Structures are given as structure tokens and as C-alpha cells.
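We begin with a single chain expressed as C-alpha cells, specifically the form predicted on its own.
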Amino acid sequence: MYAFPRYSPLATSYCLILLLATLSCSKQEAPLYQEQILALGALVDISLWGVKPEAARQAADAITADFNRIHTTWHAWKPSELTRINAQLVTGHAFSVNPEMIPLLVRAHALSQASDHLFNPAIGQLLARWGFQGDEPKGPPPDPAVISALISQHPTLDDVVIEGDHLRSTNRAVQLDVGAIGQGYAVDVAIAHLRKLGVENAMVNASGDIRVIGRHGNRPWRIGIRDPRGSGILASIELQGDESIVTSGTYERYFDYAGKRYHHIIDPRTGYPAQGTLSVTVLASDTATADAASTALVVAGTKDWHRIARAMGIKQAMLIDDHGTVHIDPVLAKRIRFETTPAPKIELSPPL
């Protein structure tokens, strides 16, 4: 789990990197329109194919507004609707919320339950103690006694009661942080908006939370997957139709303290950064699901990633352990192309 937004505005690395080819457009085709915006505290790349420039600019402006609205609503530590909610949850009393927030909370609850709460947006207090609810986490790590006290209260979304547009919590330790699903949810909102505007071929990339619809002209959209042990590309994959891909990595957000590195994906069971996994890549039909699942599978690790993926309805996933071994299901293995030489060691899992 990690604080929302995932990156600072100056972030220069992505868990997924778009591979762009030189474009050659015929007179019958509109050129590729691309725009990069700053939203959710991160860089968001918008690519539209076959849309006239003026319509493309209007579409980009529309989804920029979507991202900015979501950012100001769901921010975990700056004044927002979410910080207001967290202030009310500790009272145990019911209170009204913006109805727009309910669908995400309902979706997050279902995904949290499916993951055995390895994806757990209710551990905001723990994330704050680690310093990951801040623009530049620096350490030191929390006192072990503080971590033990927080996890002993077992806050989960099961403790949050939704009654219409009202919320209340049965556990005063619950503090919401939707960082492990909010960015993916925003991408889904953007794609839905683009479709309403008549856009049929597009890609939205929010710092590696990616969803595509249609095609990139006469070919699929080509996506690169970052090597978690370096800054280069580990593998590439082609997406088309309507697909989402998200990678969560322990290299994304971290701090070094007393010679040890502490990353942002916290295991809710222990209260400490998850161990044994460098990154997880998930393909799904929507980005919110892929976002939540990629975090849950990092926490699950090599011993339990397959079971948790199946429970969350994931059919294609790849986990890279801290030895660099790739654990991958057969469907994704057939689609992916490794770009490194030599290729990594691969362990094929049973089908998901």
C-alpha cells in the first residue's frame, strides 16, 4: 500500500514506459495526438489516435479536469474530502460524504476482501507513520511498538459501513488511503469520458497505470515494462481492444535510513515493507482492479501470489522476485517479449 499520489511532480521514472515509434500517417488518417499533463501529483500521458486536433485538445482538457477533481477529492494528507472523511471516521458516528466517492469505496472493499486484505486501503495511519503520506519520505522508520499497536487493531474496509451516502466506522483505527487504487480509478474515469466524447482509440498512462482502447493506427499499442533492477526495459507487450496494465514495484517510492532501504508497499499483516518481491505486473479489463491487484501480489510474494491473483479475478500476471526470477502465468508468457540479454530466469505458473 502507498500514499496517494504515487509520485512527486518531479518524478522521472515510471513502472511502465511507453515505447513510441516514429509515426507515418497517411492522408486518410488523423495523426497521433499526444499531451502530457501534471495531475495526481504525477505525469499523465494522453495519446489519441484518429481524432482531429481541436477535438483532441478538448478531450485532453476534459480528462485533465477529471484527474484534477479526483486529486483534490482523494488526497490522503492535504486538505480534501478524504481528509475530512478520516477526521469523521474516528468518531464512530455516521456522516454524509460526496456521493461520487461511494463507487470507489465499494469497489475497493470488494477487492480488499478478495485479496484477504493484502490490498488494504484502511491502513492510512500506518502509512503516515512510515512517512509515505508525504511528498518526500525520509525516515526514520516508526518505533516497533507503534507498528505493533497499529496492526493489532486490524483496520480493514470491513469496518467501514456504507449506508446510502453516509459512512461510519466500527473501528477507530481506520484511516483511508486509496493510493493503491485511486490512480487506476482515475484512468478508468478518463477512458469512460473519452468514450462519451466519441474517442475510439486512446491510451492514458498515469505514471505506469495504463489503459488502452482501440489501436494505435494500423498496429496495437506497444508498452514497455521497466526492469526493476535498473532503469531500462525488461519486456514489452502489445495491447489492443480494451485492456489495462499496471506494475507496482518496490523501487517506486522509498527512503534509505541507517544503511537500509524501506519501500512504500507495506504488508498490512506485519506493518513493515513487503519482502521478497521487486515488482508485479498485472493485466486486467480495468485499471482500478489491476492497480489494487498489483499491490496485493507484491505483498503476497512468491508463495501466495497465484492464489491471491485467482481470488481477485486476475488472469494475467507476472511477479519478479528479489533474485530476478520471473514468475508468470502461461497466457501472459505467450504475449510478452523480453528485451534484455540474457533473458531472465522464468518460472511458469499453472494457469490463472
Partner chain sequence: MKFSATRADAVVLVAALALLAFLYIKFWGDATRGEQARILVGGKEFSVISLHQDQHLNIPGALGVSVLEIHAGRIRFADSPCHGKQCVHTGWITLGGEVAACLPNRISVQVIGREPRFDAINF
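Positions refer to the first chain, counted from 1. Fair warning: this is a prediction, and the values are worked out from it, not measured in the lab.
Below, we refer to the form predicted in complex with the partner chain, which is not included among the displayed structures.
The contact with the partner chain in the predicted complex, taken as any heavy atom within 4.5 Å, belongs to T247 out of S169, T277, Q175, T247. Among heavy atoms of R337, some come within 4.5 Å of the partner chain in the predicted complex.
With a 4.5 Å cutoff on heavy atoms, S152 does not count as touching the partner chain in the predicted complex; it lies far away.
The partner chain is not shown here, and in the predicted complex it never comes within 4.5 Å of any heavy atom of S112.
In the predicted complex, at least one heavy atom of I233 sits within 4.5 Å of a heavy atom of the partner chain. Using a 4.5 Å cut-off to the partner chain in the predicted complex, not one of N98, A108 and I181 places a heavy atom inside that distance. Listed stretches are 201-209, 184-192, 125-133, 82-90; the contact stretch with the partner chain in the predicted complex is 201-209, by a heavy atom cutoff of 4.5 Å. Residues are counted as partner-facing when one of their heavy atoms sits within 4.5 Å of the partner chain in the predicted complex; in 275-313 only T281 qualifies.
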